[in-house]
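Only one chain is shown below, in structure tokens, and it's the form predicted on its own.
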Amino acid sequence: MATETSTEKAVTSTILNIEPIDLEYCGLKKDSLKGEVAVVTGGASNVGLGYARAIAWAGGKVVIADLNEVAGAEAERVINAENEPDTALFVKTDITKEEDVKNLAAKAFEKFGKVDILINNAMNMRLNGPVLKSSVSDLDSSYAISARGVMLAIKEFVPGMIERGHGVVTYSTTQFHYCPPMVGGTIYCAGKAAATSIMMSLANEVKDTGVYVFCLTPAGVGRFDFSKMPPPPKDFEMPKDFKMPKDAPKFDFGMPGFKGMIPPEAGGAAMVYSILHAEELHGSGIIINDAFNAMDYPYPNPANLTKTESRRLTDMELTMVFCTMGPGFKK
């Protein structure tokens, strides 16, 4: 998002759903990522594009990996127009194919000579069905994009980071399991959970190497007016044991602190801040609002905001979190 005085380089697009970007309004500094090179998978749309544009705004170079050639080429054009020529490079990539990921790495190294930041973000939102109504091939695809794709990218880019003693690896994760009315169906969450596990294990494997690993949950990022949301399906039912907390804020057609969904540009701001504080986040993860709170983000709609204190889990708690699926025996 841009301030009223920062539209000198505003770039528009008939293909991408973007707003002008200028992150000084939320306390970030130009050139804070100068000299850094980032690879963003799924970087041609929504939050991935927000990450890529924000990193470029902060002075970094960006390699956009995506299957969508039209959107990818336009993302490259927009970022180069907003910054300097040769700031961004698009490489068509199927993150599930080893040969494509190797080609991505080759093109990135050829263009920029190194990669300092790996943002694993690619996922197919259509792989979002329930267990009993989804095909096994949907689950295979979810794992292929999330778990397999993440591991392929890690193996191509992280060894060079370790060799140089400098790097950041992150993942756009989500909830551990589907829980109505939260967004993200069973198959989608299963792939995300697998990749999150890989990331947290990687964090332990690269301790004391200068490479920092964390996860960021970009919940609610997109461009959608909640007031125009269609009614839920006729067969939709809330869980029988679901109770709205007494102190829950009044629903005000927006994510906490925002009017509607969180703009991708704001998601990019949260990612840049998190990258700059990667050492503090190493081996952990945060929901995007935790990043906003940490950076003292100037929320556009504080009326619907309830700030909560997040607590970092211990390494053992994190290790056992998938085992602790609930509160235990019912009394």
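Start at 1 with the first residue shown and count on from there. Just so it is clear, the model here is predicted, and its values are computed rather than measured.
The same protein also has a form predicted together with a small molecule, omitted here; what follows describes it.
E265: touches the small molecule in the predicted bound form, heavy atom cutoff 4.5 angstroms: No, E265 sits far enough from the small molecule in the predicted bound form that none of its heavy atoms falls within 4.5 Å.
4.5 Å heavy atom contact, G167 to the small molecule in the predicted bound form: Heavy-atom contact with the small molecule at 4.5 Å: absent for G167.
Proximity of V136 to the small molecule in the predicted bound form, heavy atoms at 4.5 Å: Contact check for V136: no, nothing within 4.5 Å of the small molecule in the predicted bound form.
Contact label in the predicted bound form: N80 to the small molecule, heavy atom within 4.5 Å: N80 lies outside the contact set for the small molecule.
One residue of V221, C215, L152, L118 in contact with the small molecule, assessed in the predicted bound form (non-hydrogen atom, 4.5 angstroms): In short, V221.
Segment assignment from 199-207, 155-163, 80-88, 185-193: heavy atom within 4.5 Å of the small molecule in the predicted bound form: That would be stretch 185-193.
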